[in-house]
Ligand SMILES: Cc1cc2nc3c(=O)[nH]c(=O)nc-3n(C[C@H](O)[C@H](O)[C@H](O)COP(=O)(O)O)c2cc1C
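Single chain ahead, by itself, as structure tokens, in the form predicted alone.
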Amino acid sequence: MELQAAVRGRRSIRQFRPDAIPRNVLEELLETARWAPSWGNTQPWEITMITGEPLEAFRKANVAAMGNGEPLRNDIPMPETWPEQMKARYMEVGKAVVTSLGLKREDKEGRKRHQVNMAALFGAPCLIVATVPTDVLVEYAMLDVGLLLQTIALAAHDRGLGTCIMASSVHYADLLRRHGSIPGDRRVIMGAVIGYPESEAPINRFERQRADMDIFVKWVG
């Protein structure tokens, strides 16, 4: 697949087939992703691949915690406010998601089912958890983790797999440590699910939007 096609064709997948991904396929993706850039080639990341019974145990615990309204226990605090322009984009994609599911604003039960499905990681057969040591400068390490996850997402798309980088997968870092055997000296940064997309599912097919280039680019000289 050409790079341009991969960048433009990749999208967040929110409904997966239950098929397991062969271990060798995941290893090939990670072999590619390890060439992602990092600050000073420090490569601060550690990746935990959670599948099978540990994943099902975490999925169940994550659904219960979110369903019970437990306070979030992220290692990296979630933003409480957004600039209006960013908030508008966030709200727009949220609207596109629920519209693709045929949910109305007043359909509280339907929206709750969607939240449960999100906590259940959209049925993906594998969760990728990116962590860094607790004694590194987290701002730079988070940039590096973002580059790594983008590389994984592009490599996965090239192989016919789909991904979704999900803050909701790391809301309860203690559950990830318990079910993913993640040591306490690692800070949980972000998670991403990966699997084979349900390609015909409307939630995987709605039209995506991006800001025009002149909104975020400033030319000097």
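So that there is no doubt, residue numbering starts at 1 and follows the sequence shown. Keep in mind it's a predicted model, so treat the numbers as computed, not measured.
Only in words, not in the display: the form predicted in complex with the named molecule, which the text now covers.
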Any chance residue 51 has a heavy atom within 4.5 Å of the named molecule in the model of the complex? no
Residue-level question: is residue 91 within 4.5 Å of the named molecule in the model of the complex, judged on heavy atoms? no
Please run the contact check for residue 32 against the named molecule in the model of the complex: heavy atoms, 4.5 angstroms, yes or no? no
Since only the chain is shown here, I'm wondering whether residue 23 would be in contact with the named molecule in the model of the complex (any heavy atom pair within 4.5 Å). no
Which one, 36, 166, 175, 182, lies within 4.5 Å of the named molecule in the model of the complex by heavy atoms? 166
Please determine, with the chain shown alone, which of 41-49, 57-65, 23-31, 166-174 has non-hydrogen atoms within 4.5 Å of the named molecule in the model of the complex. 166-174
Taking the named molecule in the model of the complex, which residues of 1-22 have any heavy atom within 4.5 Å of it? 10, 11, 12, 14
